[in-house]
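Just one chain follows, in the form predicted on its own, and it is written as structure tokens.
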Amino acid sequence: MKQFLPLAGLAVLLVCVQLLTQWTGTTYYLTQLTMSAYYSVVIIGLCLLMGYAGQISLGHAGFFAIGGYMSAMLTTRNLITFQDQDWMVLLDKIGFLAARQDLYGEAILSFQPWAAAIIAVGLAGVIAFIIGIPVLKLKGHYLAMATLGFGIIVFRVFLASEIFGEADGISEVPGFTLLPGVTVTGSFGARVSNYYIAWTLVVVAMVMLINLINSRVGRALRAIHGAEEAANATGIDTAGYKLKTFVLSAVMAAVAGVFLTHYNGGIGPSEAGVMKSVRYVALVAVGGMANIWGALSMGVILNFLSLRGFFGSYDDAVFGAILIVIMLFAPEGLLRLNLVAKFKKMFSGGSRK
């Protein structure tokens, strides 16, 4: 139970932050904190893949976009012209469809958000499984290039497809009702509740990953990261563990994409861009490759600053620079950087012979 104590501290901190913003009249900060929470789900999932399984991915923005775009498309696509088709009748009977009106009063028949979410996340998992089988046989920069290629393909498909809104993306995505009175939406009145929804998702993801890391599977992943050939020689199914971890991290990215899309009420092709994937990798690196708490904290802080426009038009350049600097001077992560040791090494008798 000791490993879960930080989660209790996180819960207290989250409540304090919300109360502080309410007391100071700065509840608008909760919008960026909510979005940062959803991005953090992608980051900690990628941290598991990179830091524990030792597999780099430059295509996780693609999985995020698959979740978001598919959910957005299924919940906004008007299927009323197909309502008499047998497959539509079947979907309606099992509760997958919902009738509503758009902003102009036109009748719309589309998928329920929960059904769209299941389909979107399931599709991301299937795609991750299919491409993971051949791609994860690669190592090092070859793996990075392959996942980068996947990310570029996803970006171009969404950018060029009329069904996905091309360069404009998809807007007017309805809210995602989780429970009666609990809906993922960006409306002003639901700002506080959505803040807690987003961070509940983060806490659930952290509980799952902490359990995984401290289990037999986690020990196997660390063995694979340390010496894959030796781990394979001891009977560990290295290929199977790497594939399952890849699929899990992709599913986490897709779930975050679904929630953030319904929260924002839309999604655009920039969410699948290469720089988004680079940003995720940079945030994992700055927090520590095998440090999910470091990845979470740095992800929240830097994403919050980015969303608040702190970096201005140099946003992508800042994250690229962060990745370079961390790889050069703090490959274990910023939170594990021993500044005292660095200074001692810098000033301790460097000129002795």
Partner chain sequence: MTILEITGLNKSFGGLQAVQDVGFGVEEHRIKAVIGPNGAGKTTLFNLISGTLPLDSGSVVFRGEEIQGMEPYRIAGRGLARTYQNIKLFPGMTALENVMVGRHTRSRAGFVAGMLNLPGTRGEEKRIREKSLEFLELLEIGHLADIEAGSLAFGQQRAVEFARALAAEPAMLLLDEPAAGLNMNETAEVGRLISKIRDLGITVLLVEHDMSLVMDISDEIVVLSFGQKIAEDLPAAIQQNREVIRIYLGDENA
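Since the model is a prediction, treat every value here as computed from it, not as a measurement. Residue numbers count along the first chain shown, from 1.
This next part talks about the form predicted together with its partner chain, which is not shown.
Contact annotation: L212 falls within 4.5 Å of its partner chain in the model of the complex, judged by heavy atom distances. Although the partner is absent here, Y241 lies within 4.5 Å of its partner chain in the model of the complex, judged by heavy atoms. At a distance threshold of 4.5 angstroms between non-hydrogen atoms, V126 is out of contact with its partner chain in the model of the complex. Contact annotation for E229: at least one heavy atom lies within 4.5 Å of its partner chain in the model of the complex. Across the options 186 to 194, 78 to 86, 253 to 261, 233 to 241, residues that bring heavy atoms within 4.5 Å of its partner chain in the model of the complex belong to 233 to 241. Exactly one listed residue, out of V217, V203, I108, V182, brings a non-hydrogen atom to within 4.5 Å of its partner chain in the model of the complex: V217.
Contact annotation: of the candidates L91, A115, L248, V121, the single residue with a non-hydrogen atom within 4.5 angstroms of its partner chain in the model of the complex is L248. In the model of the complex, no residue of 295 to 314 lies within 4.5 Å of its partner chain by any heavy atom.
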